[in-house]
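The chain that follows stands alone, in the form predicted alone, written as structure tokens.
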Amino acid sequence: MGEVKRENLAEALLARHSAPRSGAGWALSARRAARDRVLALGAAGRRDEYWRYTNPAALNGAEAPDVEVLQLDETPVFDGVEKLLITFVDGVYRPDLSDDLQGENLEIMTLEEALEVDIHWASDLFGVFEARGQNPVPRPFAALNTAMAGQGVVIRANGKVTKPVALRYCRENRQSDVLLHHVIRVESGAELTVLENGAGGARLNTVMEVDVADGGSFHHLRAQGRDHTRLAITHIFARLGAEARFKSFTLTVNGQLTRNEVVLDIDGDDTKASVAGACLGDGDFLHDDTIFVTHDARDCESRQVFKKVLKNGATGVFQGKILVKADAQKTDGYQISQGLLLDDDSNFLAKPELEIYADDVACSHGSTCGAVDENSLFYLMSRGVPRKQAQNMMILAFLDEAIAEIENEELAEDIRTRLSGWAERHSA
């Protein structure tokens, strides 16, 4: 893709959305700066280092795909959990389908409202972490989101929030092209869990900027929608203070193209972070996890655990990097990505990276790809387990290392139940 074409595509990306015209001065300034970033970066292309395995053409396209609205006869993920529910339909906040935006130790309002306030704590975060995350890897879709997104939520946890905040994404329009931007601050000693569930749009672009202060804890669980032909690109940008805790887990079981990007900056000592995901793909399916974790403090731990089960020509991609700066002594960085291929037509592409400038660290990465172990399968069948059931048992056992990263056991069991259902429906 030539330079001129990249610039033209960037202008087209901006032209396909209408940026909110009102807002406080700081919000409008952040949007203008993000717009300038989009034009300076240009659109993503296959020649870009971190887009070699995933073709961004459908995400760059002028129109969202025409995707049939999926009607399911099963309860939504996390439905049985007591929560504060916030619903977006085709990317628009629906108060009639949501709970009141209030809770103990919780300040919450829509992004649209927050960006109108002249003095608001979100001014320190909105677009700030996204801009920081553009170096060294350009992320033009994230900059596009900051420039144009008018919907989302702004959440501040001032203490332990006992009920999770659940963001439910529904879809009624066959060609909805959705931008959502969330800003979250977890104050010192506070704790917050955020759940995300649903496809959101025929084409979805989300950004979540998260600031976890010293001693704060943030837990994030996401189940991406079952619509098979949907497109999605998601971004999490997070800064972690001293003794902070951060955990994010994503379940993906459908979608023609899904790319999940996570950028973590560990800025405080004695901090622990985990990013994990379980993915099951069947047929025309591409799933890409691109993770960048920067250690810039002492005695910190990070974990990346990703498992992908693929069949009928599905493709899984993992690109994960751990950067350890010179002062980040005693860093413990762990990274594992594994693909389980249920046929010869599927592919798992991995690019694990370590870049270390400190001399007292324990960092490791591993990536494997293979088929179901026939000896283990034979052992189960010799004990009377039918072949399909035995293979499903092995699939679930393979994925469980990623699910084990979830802190809340009730939520982890819900994920296991959903995965078991998928395995039953897609048994060979």
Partner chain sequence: MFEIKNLKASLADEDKQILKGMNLKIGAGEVHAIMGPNGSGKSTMSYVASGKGGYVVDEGEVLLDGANLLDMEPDERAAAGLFLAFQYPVEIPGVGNMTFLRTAVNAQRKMRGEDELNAAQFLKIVREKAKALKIDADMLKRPVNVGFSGGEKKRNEILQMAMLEPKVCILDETDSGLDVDAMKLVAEGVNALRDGKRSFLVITHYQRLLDHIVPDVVHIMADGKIIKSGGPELALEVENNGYEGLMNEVV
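Computed from a predicted model, the values in this text were never measured in an experiment. Numbering follows the first chain given and starts at 1.
From this point on, the text means the form predicted together with its partner chain, which you will not see here.
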One stretch from 22-30, 53-61, 370-378, 36-44 that, in the model of the complex, holds residues within 4.5 Å of its partner chain by heavy atom | 370-378
Do Met394 and its partner chain share at least one heavy atom pair within 4.5 Å in the model of the complex?
-> yes
Close approach of Val385 to its partner chain in the model of the complex, 4.5 Å, heavy atom | yes
